[in-house]
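For reference, the chain that follows is the form predicted alone, supplied as structure tokens.
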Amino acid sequence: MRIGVVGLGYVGLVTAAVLASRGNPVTGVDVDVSRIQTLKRGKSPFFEPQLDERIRNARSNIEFSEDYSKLSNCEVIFLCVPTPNTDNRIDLRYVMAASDEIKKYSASADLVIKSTVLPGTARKVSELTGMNVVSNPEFTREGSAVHDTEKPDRIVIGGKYVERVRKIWEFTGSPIIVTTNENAELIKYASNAFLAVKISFINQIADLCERIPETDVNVVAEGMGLDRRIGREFLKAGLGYGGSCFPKDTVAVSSFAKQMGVDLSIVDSAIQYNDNRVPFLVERMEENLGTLNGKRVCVLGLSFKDNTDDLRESRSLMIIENLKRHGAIVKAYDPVVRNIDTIDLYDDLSKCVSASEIVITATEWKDFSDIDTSILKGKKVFDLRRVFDPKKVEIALGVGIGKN
């Protein structure tokens, strides 16, 4: 099937590469000329495991361009453009602008919205373009996006005429839910909001564990997660949620609900707690040390999670900002992030640790749990991502460990 993808960010590029590697002729379009040039050289403009391999393997089936007219022979076009928030409300300018361009060249194609959009958006796009608009939200995780696209938990498809889209995703073997556009749009927001609530909940339980001797939130989470009604995923206590999705989507759906006359107080509580999480933990660190002023600090990890170089809503960057406000001298190391003008960034983990008196784990990279822990001796270790074994490393502050 001849497929187009508009917007070659994390969602769009992975979608294009995976579908092309399945033998579909794919045309990827993006207005960022430098991104297109990078892709034409066979490289991804960002770090995502397995993505470069998929792009190389699909080279004969995939074309990249900034020219919308290249979509003219496509049967299905996936819309994967950003949907940022403006004044806590979703901004659809990119969705509408891209849709308007697509209709000029491909009015007979199925226009498939993968961008995260609120209920009613597909209807607006259909009215704007006169096209058959299908909702097909993505549920990928950065760091495992290729796997999640090829083997998703489920495929959600909303719309009246969805057979071509259903056929595209049959190769996954995953359950396929066909429903209305509005249901499909809300499933994405409801899913992300629920996971955000789950993360904030376990962090609150971690706070409780720190007040109770002989408790460990990891053990509590394991006991909870073995209950099939709860599940173990997203019960890892730490710094809270970040990235390009949860912070944006929780605020957007809360604002949307208020417009509908509905108060999502549970989601609002999760948002407020998450916003306060980093300042709270930095205050805990200062209480432990007496002062952060003048302290040499090594922050391990800059990306918002492991296996990605994405810095959007990174809790690590928030920690660094808070530490500097308290007078700390901050250095950092990340396995894939190599250049940030405002941060003293080391390219060697051991050197970063050696140059500091305080070590903070801010991203859960496997590189950190595998290090020779002898380099941490004599350091104050704030293990905010619970990557170290407390039997091997003396932890000054480990989220959710009750002290005797």
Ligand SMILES: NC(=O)c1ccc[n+]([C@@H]2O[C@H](COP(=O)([O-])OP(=O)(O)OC[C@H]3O[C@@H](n4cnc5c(N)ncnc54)[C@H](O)[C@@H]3O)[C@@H](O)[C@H]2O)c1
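We number the residues from 1 along the sequence you see. Computed from a predicted structure; not experimentally measured.
Although it is not shown, the form predicted together with the named molecule is what the next lines describe.
Check: Which pick from 239, 209, 122, 245 sits with a heavy atom within 4.5 Å of the named molecule in the model of the complex?
Finding: Contact residue from the list: 245.
Item checked: The unique member of 336, 31, 375, 355 whose heavy atoms fall within 4.5 Å of the named molecule in the model of the complex -> Contact residue from the list: 31.
Next item on the list: Decide yes or no: are 19, 75 and 105 jointly within 4.5 Å of the named molecule in the model of the complex, with each residue judged by its heavy atoms?
Entry: Judged in the model of the complex, none of 19, 75 and 105 sits within 4.5 Å of the named molecule.
Check: Is there a non-hydrogen atom of residue 142 within 4.5 angstroms of a non-hydrogen atom of the named molecule in the model of the complex?
Finding: Yes, contact at 4.5 Å.
Notebook entry, point to check: Heavy atom to heavy atom, is residue 286 within 4.5 Å of the named molecule in the model of the complex?
Noted result: Outside the cut-off, so no.
Check: in the model of the complex, does residue 81 have a heavy atom within 4.5 Å of the named molecule?
Finding: Within the cut-off, so yes.
Notebook entry, point to check: Are any of the heavy atoms in residue 68 no more than 4.5 Å from a heavy atom of the named molecule in the model of the complex?
Noted result: Residue 68: contacts the named molecule in the model of the complex.
Checklist line | One stretch from 356-364, 375-383, 339-347, 23-31 that, in the model of the complex, holds residues within 4.5 Å of the named molecule by heavy atom | finding: Result of the contact check: 23-31.
Next item on the list: Any residue of 1-31 with a heavy atom within 4.5 Å of the named molecule in the model of the complex counts; write them all down in order.
Entry: Heavy-atom contacts within 4.5 Å come from 6, 7, 8, 9, 10, 11, 12, 29, 30, 31.
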